[in-house]
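Next up: a single chain in structure tokens, the form predicted alone.
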Amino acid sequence: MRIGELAARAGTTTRTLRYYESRGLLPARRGGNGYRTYDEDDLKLLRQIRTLQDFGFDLEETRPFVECLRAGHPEGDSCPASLVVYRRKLAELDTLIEQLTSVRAQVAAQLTRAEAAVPGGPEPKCELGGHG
């Protein structure tokens, strides 16, 4: 298939495909007419990249998964290098969750403090935007 068809089937743009090609994530094959040619395996690579990016992986983090598929494995995460990336991403997510939990606790404490400052009193007036 040609680049436009692959882009449409993968739900992306031809510009993105050219970028992936320049980064070595998508093979650069040309037909006898000089046009880029792709197959179903390339579509599978793109779907793997897209899924991982939807999960928050950056483009370079998808490389081990792409290489795993290119090596003939049925899934991009069936190689040791892919598992390393999964583990690293989980550690990053755990750190972010800890940070967000801490921020949430701080915001909750501020809310409790602010609510206690006006026990039984009227709702504070908000002067922002001219509403009162």
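The first residue of the sequence shown is number 1, and the count goes up from there. Basically, rigid core = biggest C-alpha set you can superpose within 1.5 Å across the two forms. Computed from a predicted structure; not experimentally measured.
We do not show the form predicted in complex with another copy of the chain, though everything after this point is about it.
Only one of 43, 28, 59, 93 lies close to another copy of the chain in the predicted bound form, with a heavy atom inside 4.5 Å, and it is 93.
A residue is said to contact a partner when one of its heavy atoms sits within 4.5 Å of a partner heavy atom; residue 110 meets this definition for another copy of the chain in the predicted bound form. Not displayed here, another copy of the chain is kept clear of residue 35 by more than 4.5 Å at the level of heavy atoms in the predicted bound form. Taking non-hydrogen atoms only, residue 71 never approaches another copy of the chain to within 4.5 angstroms in the predicted bound form.
Another copy of the chain is not drawn, but in the predicted bound form it has a heavy atom within 4.5 Å of residue 77.
For the stretch 79 to 107, the set of residues having any non-hydrogen atom within 4.5 angstroms of another copy of the chain in the predicted bound form comprises 79, 80, 83, 86, 87, 90, 93, 94, 96, 97, 100, 101, 103, 104, 106, 107, in sequence order. Core-superposed comparison between this form and the one not shown: the Cα of residue 91 travels less than 2 Å. Once the cores line up, the CA of residue 104 ends up 2 angstroms or more apart between this form and the one not shown.
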